[in-house]
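Take a look at the structure tokens below, where one protein chain is shown in two forms, each on its own, as structure 1 and structure 2.
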Structure 1
């Protein structure tokens, strides 16, 4: 109980929609987040992830249920009394204050002595690598620098939990990737629980210890990055995280560890048995494109299905093949371009090929 940073107990949030109808933004959510975890809420816009974050921050109050921070129920405790700090999506830096004043504000409000404020602001600015920027105003900083000020402003107050609302959304790709790693390092360095909201699956996978994939106000799956990616629980998760091929079929037989699935009466394949799967059930087998190889000949240890190459797309690191398998199942395969020799497209469109994969790569999805 006490090693939990955050507990959400049956938290529900209803909003009044534009037509006066109730909109369920967060639907009876239960969640425990231990201290020191880098936790992400991942989902498309409108899935309830930002609302959840705002309820933890105290900007919104739950319609039902309760939020517990460090063992203390928040009830209707206002935002300014909660031991959490937020890094806002738009940064929300105060434009009339300098970098120093922005970072010092929270400490001033906490009545920290002037001498200590100076030390702690300097430390925070060092942490985000903005030494010497104290006197600048926010509009004299680049987007990336503003981002760092927002981080320093939140971290300087040594919150129990740091809430981050898509903080990297406004940065360009290269800076975003760099900041992802920096954030992760920073979190390890300061040991504060980070709760991160994003719609970018790669961002969530890169940084998080655990990820909650959200859809329509509910957590669809909760797990580590590898679990979420390799063993998605639902079609929604498999589809939202990365690219996936779905082969629709019916369970033909259960053979202990393995389940045999009949794909549209065209072919049979084996995939690891998942919990709750029953004989004759309609299921989908999810296969990641990078798990599929396009090859000329059948290989003994792989599932091998023959097909026709429809399209070849060269994308630098990889080449994407779109192959039409037996019985009209279109799948995407990503083959890494391991050699820079000229034979970029081994298999031009129209060629007859074998698509192979390890049976253990298939993921049976029942819902």
Structure 2
């Protein structure tokens, strides 16, 4: 039996622009998504992520290529006949109906028996932690509760795949973070495939088994959260996922597992060798701010470069330093504010400091 929930085979989508020109929204995408995976499309507005979701749902048809769900080609199968359900950011609840009626509506349209509807709606409301809310109207619920009703309405029909189009975007930050964990827990409980669309990097990293980072209709990198964050494949991915320092340079020598990179005329550093790098090639070395320490003295086993603190920003859990290295390269360091027994030494603007990092923290990027 095919163990894939979704297959996209050379899928392309073109729209006609306002001037009659072709706009390429999705560009020859190949993708396999296994059953039971929490999969996220991540990228900025206009990258093609929502268009891809809408093609899977059947709201848009591909210009070229094939979409396969549970081993069956969707061809021109309309949205209402596909084994998927979609949850939108807008919730789309019927205001005149109770919570029970909203959740039960799809089952009633499918001619499910009244007794089974009661059982399945109760199970769905328990799953989203809304037991006892079945008699309320949407305007009697908070935003988070309305989102849970939308999820229950989608899950009650037991789709093979649940499609989620930025469903937490309308919630405040604290509630959004709470719902991220709850969504992941729900997905693990029901065991069905979730395909999630978001522009929020932290959201994707928190919930996903795998992430497709998209740019201009193409997948830039596909992998697990740790791989995407720690080992970005391109400068675009490194820049889009979190905050990154880029040190521009040229490969000085290749030494097996390590590569020497000249950063202008300022300094030489080592970073792990990556596939495809060549001697003399222009590259960028990516360094995450949390990998950099700001300290008073040189420390053995670290790359240590002298610099001057330009700006200090206290952000609660961390202190953010902007440091000018050797008068030519500006980097950002995020130092964790530890417990009172291990207080961080603070360096005010103008302080002469040493910026240090482990050589293995650098990531050489060739594109």
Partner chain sequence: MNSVTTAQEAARLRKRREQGNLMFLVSPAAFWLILFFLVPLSIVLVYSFLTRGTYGGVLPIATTQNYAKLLDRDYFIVFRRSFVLALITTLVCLAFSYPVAYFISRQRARWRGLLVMLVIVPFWTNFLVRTYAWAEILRDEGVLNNVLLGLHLIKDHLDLLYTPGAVVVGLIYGYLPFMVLPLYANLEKFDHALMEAAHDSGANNFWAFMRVMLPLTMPGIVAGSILVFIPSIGAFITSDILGGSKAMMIGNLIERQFKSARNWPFASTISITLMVLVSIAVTIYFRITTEADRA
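Residue numbers count along the first chain shown, from 1. Keep in mind that what you see is a predicted model, and the values were worked out from it rather than measured. Just so we're on the same page, rigid core means the largest C-alpha set that superposes within 1.5 Å between forms.
As for origin, structure 2 is the form predicted on its own and structure 1 is not. Core-superposed comparison between the two structures: the C-alpha position of residue 95 differs by no less than 2 Å.
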